[in-house]
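Coming up is one lone chain in structure tokens, specifically the form predicted alone.
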Amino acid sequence: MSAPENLSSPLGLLAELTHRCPLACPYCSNPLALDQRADELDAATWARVFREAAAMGVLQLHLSGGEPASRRDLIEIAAAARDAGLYTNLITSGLGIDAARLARLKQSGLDHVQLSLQDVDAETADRIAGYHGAHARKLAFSRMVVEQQLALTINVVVHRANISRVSALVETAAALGAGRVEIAHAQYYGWALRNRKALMPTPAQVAQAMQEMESIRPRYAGRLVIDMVVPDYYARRPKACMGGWARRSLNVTPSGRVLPCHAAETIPGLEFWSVRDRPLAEIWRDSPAFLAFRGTDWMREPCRSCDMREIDFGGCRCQALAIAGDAAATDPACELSPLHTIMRKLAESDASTDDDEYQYRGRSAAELAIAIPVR
């Protein structure tokens, strides 16, 4: 398989600077096997990747992790993004960044901050994050962002423990001065798949949350953008995951592997090329992992003849693997999938359990309060 002649350029690059993080969220999007600090790309390599991305047509850069503030050279990396001409968004927990460091990040060219909140209730938020005192520090950080006149987005992953407070979460985002709030349901692969029984909301919770969103949107029209959609396990149609596999964005891991989406490594048998060995443009065009599910030629029925095939692009490949055991299967979120009913029953079964114990990301309970030193 080769790249199509009309292949478009990516618009966004997610740069995972590190997998190190002070939090231990049970739905973390990082892989189960975390990249080690010694394997992380250095700032000079990231600068080269940013230049190559800009030359390809990438417009937006998202500095992510783990917690990107774990990098002592974060300011140098942000400056390299500015020099490459990229609009730069920092995706952060807010821990590890004091007012002075944030000011230096702005001076270095940072444009936007995306701050994660776990809940509006401090005790519940800290339990979800696996870090005592995290919520208070996040609120303090959000005030620093607004004082620096940086654009602010509040991001919340919702699940059984916090979905009943979506209205309060929106109200909190507005009160903090955010221009956007993204309420994203947990995606069940990796760490979230391990914790699905403890995270899955009930159908009644989902219905109530969606109803609340419809009623609250008009109140904030024109001053706060609110993003929230039905979670996949309760949906009728799949979403175009990442805008379609290898169509609009790409992801670089801390050690340099380039992925079509952040969870692509859950799919066995894919070959991922590295920016250590090849130019980013070559990887985008010819990497076996990018070619595997790009476009529609790989599709089977019912996707192959579906009128939605170039709208949803078959949905999520990682979710198809998790439920069907086959990454090329129709996403079970689609009502046309033979596994759609099974997926819904799995959700309802998990949601009916009393399990609320989290398997925290990569650390024992004794390690959960380790903070990042501010430098």
Partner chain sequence: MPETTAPDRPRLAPGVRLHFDQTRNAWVLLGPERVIETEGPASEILRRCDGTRTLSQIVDELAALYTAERAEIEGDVKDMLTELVSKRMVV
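Residue numbers count along the first chain shown, from 1. Keep in mind that this is a model prediction, so the values were computed, not measured.
Just so you know, the form predicted in complex with its partner chain exists too; it's not on screen, but the next bit is about it.
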Looking at the partner-bound form in the model of the complex, is R72 within 4.5 Å of its partner chain by any heavy atom? no
Taking 4.5 angstroms as the cut-off for heavy atoms, does A324 touch its partner chain in the model of the complex? no
Using the partner position in the model of the complex, report whether R194 sits within 4.5 Å of its partner chain, counting heavy atoms only. no
Please determine whether D119 contacts its partner chain in the model of the complex, using a 4.5 Å cut-off between heavy atoms. no
L86, A151 and R223 - do all three of these have some heavy atom no more than 4.5 Å from its partner chain in the model of the complex? yes
Under a 4.5 angstroms heavy atom criterion, identify the one residue in H135, K239, R165, R82 near its partner chain in the model of the complex. R82
Its partner chain in the model of the complex has a heavy atom of only one listed residue within 4.5 Å, and of R257, R294, R127, H112 that residue is H112
Only one of 200-208, 176-184, 257-265, 92-100 has residues with a heavy atom within 4.5 Å of its partner chain in the model of the complex, and that stretch is 176-184
Determine the residues of 41-79 with a heavy atom within 4.5 Å of its partner chain in the model of the complex and present them in sequence order; the list may be empty. A54, A55, M56, G57, L59, Q60, H62
